[in-house]
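Only one chain is included here, represented as structure tokens and corresponding to the form predicted on its own.
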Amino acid sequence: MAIALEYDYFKPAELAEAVALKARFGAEGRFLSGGTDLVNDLNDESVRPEAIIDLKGIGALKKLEMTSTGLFLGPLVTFSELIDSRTVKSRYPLLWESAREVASNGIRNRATVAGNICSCVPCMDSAPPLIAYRALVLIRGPEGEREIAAAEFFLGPRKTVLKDDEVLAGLILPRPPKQGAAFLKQKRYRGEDLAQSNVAVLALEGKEYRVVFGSVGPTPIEAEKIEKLLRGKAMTAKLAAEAKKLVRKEIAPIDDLRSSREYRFLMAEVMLERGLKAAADRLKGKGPAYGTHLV
């Protein structure tokens, strides 16, 4: 169906121009990158913007590269580009595994990580890995640039810290230590579907663990009680079972069309146990190959 709305269309060539346009239109100006969410919203007229600001003409936003501080991920980088990146697969396998779980090939060819977290729906797949990797979100506005930890970016369903005159200018993922990682996503069926629940697990040298759940609360949840229990301990089946008992103290799932609250609790427990084992084994150079479905 053709979009029937009228709006002004801009395609700036520089980020500064995009910021100026956003400052001019505020909440009535919408950024376009992949467009997989925005086009649907325009079609059903759930949004009626005065202006569309197309970011695809800004070459600097397409960068995906290692820098002295870590991986710079531009806001126009698609999930398919993450999957195709040898650097992402070898150094950030948690993000690589999550990218493979996003929607379909067609969607991944257009959808961007930045767009995914700006849409800020609880079932987004990219947020838990970004939090686990301690990613920084770069935000540009009329007054300059600021950085914020990915964990602090999400305020609630479809609500982030971005102001009406700001744009997400990139993500920086610090250089990670040696790691074993596992991303698990529970869906209603194999193939394209939104998450009923997901979890990102990192096992790091020094017996440190990071665990971040998604789709089981209004925002992603880092499981601090579980991480505290695991800290400094070698992973065993007994330890993973103890961690599993803490899941219900960490997450806050709901009943909805995709799943019941109780099923989300149960699957989060199962995924945590499997994810901890896989991540710990991968840290030792063992375990299932990355990309193997564990649920």
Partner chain sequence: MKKTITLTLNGETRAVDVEPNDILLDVVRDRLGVKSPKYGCGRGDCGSCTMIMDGKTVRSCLILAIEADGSEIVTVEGLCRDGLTPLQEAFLKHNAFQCGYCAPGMTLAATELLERKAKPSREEIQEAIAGNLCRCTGYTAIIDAILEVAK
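Only a predicted model underlies this, so the values are computations on that prediction, with no experimental measurement involved. Numbering follows the first chain given and starts at 1.
Only in words, not in the display: the form predicted in complex with its partner chain, which the text now covers.
Is it the case that E192, even though its partner is missing from this view, gets within 4.5 Å of its partner chain in the model of the complex, heavy atoms only? Judged by the heavy-atom cut-off of 4.5 Å, E192 is in contact with its partner chain in the model of the complex.
Spell out, yes or no, whether the shortest heavy atom distance between L32 and its partner chain in the model of the complex is within 4.5 Å. Yes, contact at 4.5 Å.
Closest heavy atom of A151 to its partner chain in the model of the complex, within 4.5 Å or not? Although its partner chain is absent here, A151 would stay clear of it in the model of the complex, with no heavy atoms inside 4.5 Å.
Using the partner position in the model of the complex, report whether A60 sits within 4.5 Å of its partner chain, counting heavy atoms only. No - in the model of the complex, heavy atoms of A60 and its partner chain never come within 4.5 Å of each other.
Which one, 253-261, 34-42, 232-240, 65-73, holds residues whose non-hydrogen atoms are within 4.5 Å of its partner chain in the model of the complex? That would be 34-42.
Residues in 8-25 with any heavy atom within 4.5 Å of its partner chain in the model of the complex: Heavy-atom contacts to its partner chain in the model of the complex: D8, Y9.
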